[in-house]
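In the block that follows, a single chain appears as structure tokens, in the form predicted alone.
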Amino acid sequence: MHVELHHITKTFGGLRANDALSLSFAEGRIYALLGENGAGKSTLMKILSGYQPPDSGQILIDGRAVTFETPADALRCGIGMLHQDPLDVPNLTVLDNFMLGRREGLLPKRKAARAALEQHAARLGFHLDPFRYVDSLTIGERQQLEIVRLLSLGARLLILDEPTTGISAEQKQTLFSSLKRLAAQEGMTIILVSHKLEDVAALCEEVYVLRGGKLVGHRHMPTSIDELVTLMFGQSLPPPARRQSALGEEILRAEAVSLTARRLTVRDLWLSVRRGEVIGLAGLDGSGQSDFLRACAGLQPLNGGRILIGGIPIRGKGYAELLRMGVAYAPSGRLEEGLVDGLTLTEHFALARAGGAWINWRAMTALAAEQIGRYNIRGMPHSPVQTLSGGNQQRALIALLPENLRLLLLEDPTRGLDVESTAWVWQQLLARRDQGAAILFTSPDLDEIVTYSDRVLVFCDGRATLVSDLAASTRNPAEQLGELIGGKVYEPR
């Protein structure tokens, strides 16, 4: 199947997201679509997959012009898209979600569907329990389920929007091997939309680069990462400088904590965090790092032990009370937990910052405009949050954090952000650290953990190991963390 986009244009108000874009995708090849946040990548792929129409331009499949009214129309033509936030139904099982979109009448064949689910999952090296509820899955597992569902519905061109977010290095290797096999042996076309240039280098054969809604580059791999960065941003970017902040009094203490994670129980966790300190939480998806973060925010109960903020035990305190104590939590699931689908940016700031029964909408609009500028959010105060790109939703989530915090709890704070935006967000977070806040954060990117953490808490097989000496190591720190995550016993120097 050969797919061409001819002069695709799409505008949202005064914003031209796609400006006469023309791209071509051949059968059996793997492409990358790159660009900074808001460059128009997701908009273009939503047009190709039937989620929204173009203002002008054509989509051609094997030389024939097609028009998609719905994603189902695109799937019938063999085009399916995995979104950065998977489109599933949380209160249904894996099997029920897998069966969505099938035309089987009033009595669907569940036994046959289960066999198909297991067959397609095994084809990709995934392990999905048909009877688990989707709201108990990790983001990585939800992405795997959606990939399997799209393939079962006949997708021949598969669009993957940030598919490696939230999955382990081993899961990524399995996914990439499967995608290469699908392209080489079955003639599928793969389009990877990603900000992780190392993923692009490892997987893709051709790269298209967008900037400001225009096509600014087309390269065949291998191409240097520096050249791709320059195409994306117009200049190369220096590596982030590492510096430490002066430490103050203890902010958080975990004593003999035991909690239930998705895959196991974490036991006997001890940790002390001081003002001005950044602690990275590392581990395979579902190993307990996100669960510990939620427990520190009062959002998940403990099986045993206790957590103290400023010397005060938090057992029995809800998130609202902890927020008044200077503790804030930003989740990985943006539209599921962090933001409200349907509300504008101004309305979000009114929810987060306005006090009392009356809202000064003029002041809230001014605040939204100020934070949009400060965090480089590509949107307007009146923009509904769901219309923003994934990266701009992430920046909005960070911008909504209250001022004067004592403790920031961040689950994958740069999820979906490009290199420049990642550096910008961390500049804002480290400014809060320098003002005296402590930061605990999770990330599937070990290089990010190494770059910004003073110490790292590694979760593996029900235990949490504190690593304090990565900066002094003569070996690659990310490789060392990977070994600890994989089960190697930590031997401090």
Partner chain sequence: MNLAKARGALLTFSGALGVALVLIALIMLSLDKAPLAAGRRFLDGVFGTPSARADVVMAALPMLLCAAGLLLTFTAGLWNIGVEGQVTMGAIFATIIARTIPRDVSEWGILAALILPAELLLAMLGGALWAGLTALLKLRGGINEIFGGVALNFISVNILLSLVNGPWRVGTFPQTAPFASAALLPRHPELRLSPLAIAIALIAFGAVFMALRGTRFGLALRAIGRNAKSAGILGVRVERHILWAMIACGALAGLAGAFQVLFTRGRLLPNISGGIGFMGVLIVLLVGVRAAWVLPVALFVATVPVGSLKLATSLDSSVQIDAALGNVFQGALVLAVLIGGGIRARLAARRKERAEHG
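Values in this document were obtained by computation on a predicted structure and should not be read as measured data. Numbering follows the first chain given and starts at 1.
There is also a form predicted together with the partner chain; it is not shown, and the following applies to it.
Asks: With the partner left out of view, is R149 within 4.5 angstroms of the partner chain in the model of the complex by any non-hydrogen atom?
Replies: Result no; R149 lies far from the partner chain in the model of the complex.
Asks: Using 4.5 Å between non-hydrogen atoms, is E337 touching the partner chain in the model of the complex?
Replies: Yes.
Asks: State yes or no: in the model of the complex, is some non-hydrogen atom of R142 no more than 4.5 angstroms from a non-hydrogen atom of the partner chain?
Replies: Contact check for R142: no, nothing within 4.5 Å of the partner chain in the model of the complex.
Asks: Is G125 close enough to the partner chain in the model of the complex to count, meaning some heavy atom within 4.5 Å?
Replies: Looking in the model of the complex, residue contacts with the partner chain do not include G125, since no heavy atom lies within 4.5 Å.
Asks: Using a 4.5 Å heavy atom cut-off, which of 438-446, 422-430, 64-72, 460-468 contacts the partner chain in the model of the complex?
Replies: Result of the contact check: 64-72.
Asks: Between the partner chain and G342, E347 and A352, in the model of the complex, does every residue show a non-hydrogen atom at 4.5 Å or closer?
Replies: Yes, because G342, E347 and A352 each have a heavy atom that approaches the partner chain to within 4.5 Å in the model of the complex.
Asks: Among the candidate residues G310, P331, G276, P381, which is the single one with a non-hydrogen atom no more than 4.5 Å from the partner chain in the model of the complex?
Replies: Filtering the options by heavy-atom distance leaves P331.
Asks: Using heavy atoms only and a 4.5 Å cut-off, determine which of E186, D226, E170, E321 is in contact with the partner chain in the model of the complex.
Replies: Looking at E186, D226, E170, E321 one by one, just E321 meets the 4.5 Å heavy-atom criterion.
Asks: Going through 376-413 from first to last, which residues have a non-hydrogen atom within 4.5 Å of the partner chain in the model of the complex?
Replies: The one in contact is L400.
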